[in-house]
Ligand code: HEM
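Here's a solo chain for you in structure tokens, the form predicted alone.
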């Protein structure tokens, strides 16, 4: 088997991600979850599905969820941990993002705060979906993971999805009769069901797409939250002035989050397959069916773009040529992540001159944590995950209510 073609450097990676001759190929390890979902589609099928789902992800979508939905979710989720004065950050991140992703996907659930049977079941299901979506990098027996994902998908459908499905079908029928779409929920399940007949989608596809959005809106964001907290608190050290600035200057905190996102893309690489023979601008040629590996983490640390210290966290970093501060972490082109604006917010130059700033959910969650005196627990050091090749954190104990003098 021929070794895959390696694409390195920021400019080459950017060009490869935008090249429609290269087809997404990293998520085929778990078809029970990922077959024909938006992320894995290509060409005309991808364009049609994306056009439908963009009806939900309109310009005001991210702002609505950031300002109207997220604050209550964070407050309710954080409250019991504030009382006990500590929390494991990956678990907290999973609970916050689960609440948010459930709303976006279209599940009718109560806030995930207390450790009830249903909430723990949904958490375990979505974590299993995350294992399935990232199976390419798993260190576990992959057939065993596939079996577990299939089981989780069946339970998800029966316990959580079908009740929401039936309610939305009834709402869609009423909306059609009254010609009033404003009464419909703003979620992916409603959008998919509204277009199911015209697009010819079967029920199994919609189940996979909703499950995919559940994990996509929670798994990567929860991991990014822990990375950002680690990078930012390491940079702060024992300097109370730096910590206070994170609270007093939310735009600076957002800049810090973007810098962490640059250093820690959800996947260090993106795999593609060429659907025709062609030659890259750097002279490398590929035949139809050849594998191509785009080194995202390498590209995001390219010193010609991000400076000689590109491997290090620097929230004061300044970039030229309109390069996004988070690099290629959210992708570019037709596969740009739908959650970019929701998680990352608007870039500084795009912030509104009036009204509330659009900072992104990651910055908002971290601002609440830092305002609540969150600091790493010196008595319980964090631990890296061992079930994946991705450099995620398995445990990251933090203390709450610890304020600088």
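Being a predicted model, the structure only gives us computed values, none of them experimental. Numbering follows the first chain given and starts at 1.
Separately, the form predicted in complex with the named molecule exists; it is not shown, and the next lines address it.
In the predicted bound form, no heavy atom of residue 254 sits within 4.5 Å of the named molecule. Contact annotation for residue 38: at least one heavy atom lies within 4.5 Å of the named molecule in the predicted bound form. Among heavy atoms of residue 70, none comes within 4.5 Å of the named molecule in the predicted bound form. At the 4.5 Å threshold, heavy atoms of residue 331 reach the named molecule in the predicted bound form. This chain appears without its partner; in the predicted bound form, the one residue of 78, 164, 286, 224 with a heavy atom within 4.5 Å of the named molecule is 224. With the partner removed from view, the residue among 294, 211, 96, 261 that has a non-hydrogen atom within 4.5 Å of the named molecule in the predicted bound form turns out to be 261. Residue heavy atoms within 4.5 Å of the named molecule in the predicted bound form occur in exactly one stretch of 229-237, 244-252, 266-274, 197-205, and that stretch is 266-274.
Taken together, 126, 133 and 143 are entirely out of contact with the named molecule in the predicted bound form: none brings a heavy atom within 4.5 Å. Along 334-348, residues 334, 335, 336, 337, 338, 339, 342, 343 each place a heavy atom within 4.5 Å of the named molecule in the predicted bound form.
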